[in-house]
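Only one chain is included here, represented as structure tokens and corresponding to the form predicted on its own.
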């Protein structure tokens, strides 16, 4: 066993080749299929980025028009799915519903071929189009409101806000929501994406793979950090309270949510973009408090960390929760919104895994006992 390599959590282990995403953590760069996240977030729609991830190239105008029509045609939920959402236990978390409903949706694919190797998620698009509809429907039902059917003339982000609130969003709000989904669409071999690939490697369906990925995203160490950032901001209360709050938090060895990232050693490029959206939204809506508190906390925390030789920068979750709050999205939906954006990335990795598949079967480093004597139950003693 002396020559066995061991990396807890598979850290640093290369598990597969991929053409989908490149993260340059040292320089704070992110690329989908070779395109920078800055170019994609500022120049494409979520539907166009989804096409890129699923087909490996940006669409022509004709291809985009056809793809957009297919995505938008798949937004509406069947009465059976709406009934499931209504009847789901009210105390459950929205992520538990999402994980369940994805498998349920698979039963509504026309001419579904049961053999998983032929399950073509480029054709169905249920997982992308309908996750947003499910999240919006759940919110409305829990507020005692009626389901709002989707509109085909709105972008994916704008339509989500429309279905959530029951009124057409400001065009700029719709644009920002759509761009936020682009920012979350893909991020290489994170825990949920790796989970999707592991399930796909067994030749299970794309629905089962996405459902498993949602389960991984639900974990507190993966999704949901932006919800905790917003709770932190609410606790701080005002910009003037940042310094005393931070001193107390550091003395108590509390984690400053949204600061630092497993792979970035520079500021997360997504955080730079979403910070701009927060500043823009705050000014337009007359509420700059979130931005002011977060920027002051970023300055104060980074100053202290740099004094210790530990430069730490904001990640995408640091600003995204405040953006969603200004768009009228409740904190409980932040992680489901993450799933809405990440679904194309999961599907892209499922497709790539299938293209040159080998089932995942890592080894475990056994550290238990061997050679124990078996004792019949009648002779075993407690303690």
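Numbering follows the first chain given and starts at 1. Because the structure is predicted, anything quoted here is derived from the model rather than measured.
Here the subject shifts to the form predicted together with a small molecule, a form of this protein not shown in this document.
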In the model of the complex, the one of 282, 74, 260, 215 near the small molecule [non-hydrogen atom within 4.5 angstroms]: 260
Among 163, 134, 206, 225, which has at least one heavy atom within 4.5 Å of the small molecule in the model of the complex? 225
So, in the model of the complex, is residue 141 in contact with the small molecule at a 4.5 angstroms heavy atom limit? no
Would residue 255 sit within 4.5 Å of the small molecule in the model of the complex, counting heavy atoms only? yes
Can you work out whether residue 317 and the small molecule are in contact in the model of the complex, taking contact to mean some heavy atom pair no more than 4.5 Å apart? yes
4.5 Å heavy atom contact, residue 93 to the small molecule in the model of the complex: no
Picking from 274 to 282, 166 to 174, 123 to 131, 304 to 312, which part of the chain touches the small molecule in the model of the complex when contact means heavy atoms within 4.5 Å? 304 to 312
